[in-house]
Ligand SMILES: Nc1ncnc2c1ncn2[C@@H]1O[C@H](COP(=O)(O)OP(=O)(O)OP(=O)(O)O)[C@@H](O)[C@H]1O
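What follows is a single chain, given as structure tokens, in the form predicted on its own.
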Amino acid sequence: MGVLNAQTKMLNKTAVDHVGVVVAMHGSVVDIEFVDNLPTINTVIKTGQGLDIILEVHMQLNNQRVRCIALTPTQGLARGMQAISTGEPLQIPVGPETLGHMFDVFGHTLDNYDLPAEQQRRSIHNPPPSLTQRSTTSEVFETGIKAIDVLLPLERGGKAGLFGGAGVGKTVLLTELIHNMVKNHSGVSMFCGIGERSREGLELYHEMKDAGVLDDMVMIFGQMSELPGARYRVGHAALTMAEYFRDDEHKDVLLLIDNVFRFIQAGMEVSG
């Protein structure tokens, strides 16, 4: 009764037609039933005793039931608990205020920095640019590293993969790419860690800081200890932050994702 009373106070501030009930749980998969106003796919739903469990709608099972993937641990969640539909997708902060800081998939800072209260936020689910807005010419992206520019030139606006074992110098190469991007192109660099170990993220943060490039880059992590739903969405969050600097600030953006395999792995866990 104590749990229900606490939830009732929170729900008084929310329209009743946006409130559902948890009807089934399978690990990080949660089914929620709504009488009216079934949430659309990608809508964020909050549940739990203190509404601290965050879910994302991935499937509409019928006219009154949705299947969600948990983005936060579901300890303490039980059938019969009420859930509130926010009516909005997951949103991430964007803007120059994010430069020099670390974030998680929800846009919370990991370096004890408080963003302004009026910080702009955008949905991580955005349509791609139309074909008429895309470049029709190819241009070489000069990295400043002669071995890359001569033997394996990169295309501006293109994609490239970096393969190598542990301890062979991938991070050193990434640091040099970030440094040249900031100094030579007056651009912005972003590092997205998907399935990273906590130690690796902390080490990279201090390496970027020591190299003097942290003020012109953004770091966002979905660490190995987090649920597959969060690890799967952190890549979309990084793209949203990068697209802001490309479209609104009209800057070149170097987006580094480490690594794509763990992004695919998180997607396989979600689909499984």
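Note that this is a predicted model, so its numbers are computed, not measured. We number the residues from 1 along the sequence you see.
Beyond the structure shown, there is the form predicted in complex with this ligand, which is absent from this document and is the topic of what follows.
- Judged by heavy atoms within 4.5 Å of this ligand in the model of the complex, the contact stretch among the candidates 91 to 99, 169 to 177, 152 to 160, 126 to 134 is 169 to 177.
- Though this ligand is absent from this view, in the model of the complex it lies within 4.5 Å of a heavy atom of just one residue from R79, R197, K146, H108, which is R197.
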